[in-house]
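In structure tokens, one chain follows: the form predicted on its own.
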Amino acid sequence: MAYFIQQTMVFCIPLMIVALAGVFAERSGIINIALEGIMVFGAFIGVLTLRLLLALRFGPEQGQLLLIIVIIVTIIMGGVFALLLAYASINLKADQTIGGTALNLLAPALVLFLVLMINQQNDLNIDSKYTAANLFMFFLEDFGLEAFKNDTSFLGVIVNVLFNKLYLTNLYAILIYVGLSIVLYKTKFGLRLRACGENPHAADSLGINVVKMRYIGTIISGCLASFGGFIYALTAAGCTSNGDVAGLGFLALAVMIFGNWKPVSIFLAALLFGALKCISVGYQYIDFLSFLTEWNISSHAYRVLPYFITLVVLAFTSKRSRAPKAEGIPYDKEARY
């Protein structure tokens, strides 16, 4: 059970933070289909920065400082990459879905090209003597709780879930998620941003700069999606960037829609999809799911499971979803709708 919950969180955290990225863009009025591409780009920037810093003699003893530097660089570069979508959507008034799709095609091609130039192969890794475990992960021993290592009681499971194999990135992601959710729904800035996605002309009549707010929303979206890509690369992919994030960007869009653009609902939806993703890749290692191996079902069927459930869930829930009214509509100050 402890393994199942820990692995669920490995997939839940990036889904949650990237879904929030989509919320910031769409609440401002911009459809960010490019979440997948920005995640791919963020994963590459994060792994590359980590690789360069380790080459400069950083080591496990500077793990927290190292991680903060990598996160800051990754977030900044994600915001810069998202400027491509913002400029095309806001200044050029291009179709936002097509613009996002173009970035989804650009990012993997660009990343693979750069990886081949840097590493002469399709994968970019850090030095083999370093892993996420010895750089950014806490274990029971770090908290003086080694007595709970093999404890199968309810308390033992809880302690193992909370304190064993604890990624620092997950802690930072949860703090950022809670903080930005409060900013979006409990502050004047958040109200103005949401107004630009609901009725930009009414917002403009009150003196809100719609273009500026949409730029900010898209940049924040890029920063969060890039951070989510790095989290995936560091945890689920084992510090590897190869131009792929296993479709988590598209799953995050489904989580956002299923969560009805609301942070609490998005977190619950991310838990559901994280659990499905965990089952799809590790069902044979989970004791209470071991009976699945006796059915002789192809492993490909389990890998398809999260995406199949996504289609089913969206088919039954999308009609009740309430998207921002002005999302995807280029803002023209002189137009009236």
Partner chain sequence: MENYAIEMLNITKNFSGNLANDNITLQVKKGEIHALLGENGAGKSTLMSILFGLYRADNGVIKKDGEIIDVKDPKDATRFKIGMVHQHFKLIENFSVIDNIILGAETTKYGFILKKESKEKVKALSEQYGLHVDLDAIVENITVGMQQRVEILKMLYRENDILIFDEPTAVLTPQEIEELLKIMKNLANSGKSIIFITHKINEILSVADRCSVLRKGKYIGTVNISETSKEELSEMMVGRKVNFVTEKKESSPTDVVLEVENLCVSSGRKGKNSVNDVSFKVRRGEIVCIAGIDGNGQSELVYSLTGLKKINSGNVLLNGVDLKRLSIDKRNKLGIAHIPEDRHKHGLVLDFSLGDNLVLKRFRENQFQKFGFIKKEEVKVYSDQLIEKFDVRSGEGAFSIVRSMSGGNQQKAIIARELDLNYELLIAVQPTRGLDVGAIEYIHKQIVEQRDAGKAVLLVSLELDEVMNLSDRILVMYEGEIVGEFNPKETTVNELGLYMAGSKKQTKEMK
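Residue numbers count along the first chain shown, from 1. Since the structure is predicted, the reported quantities are computational estimates derived from the model, not experimental observations.
There is another form of this protein, the form predicted together with the partner chain, and it is not shown here; the text below is about that form.
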{"query": "Distance check, N199 to the partner chain in the predicted bound form, heavy atom within 4.5 Å", "finding": "yes"}
{"query": "L191: touches the partner chain in the predicted bound form, heavy atom cutoff 4.5 angstroms", "finding": "yes"}
{"query": "Proximity of I208 to the partner chain in the predicted bound form, heavy atoms at 4.5 Å", "finding": "yes"}
{"query": "In the predicted bound form, K186 touching the partner chain (heavy atom, 4.5 Å)", "finding": "yes"}
{"query": "One stretch from 214-222, 246-254, 84-92, 199-207 that, in the predicted bound form, holds residues within 4.5 Å of the partner chain by heavy atom", "finding": "199-207"}
{"query": "Partner-contacting position among M117, I182, I72, I98 - heavy atom within 4.5 Å of the partner chain in the predicted bound form", "finding": "I182"}
{"query": "Option touching the partner chain, based on a heavy atom within 4.5 Å in the predicted bound form, out of A195, V159, L124, A237", "finding": "A195"}
{"query": "In the predicted bound form, residues of 298-333 near the partner chain [heavy atom within 4.5 Å]", "finding": "R322, K325"}
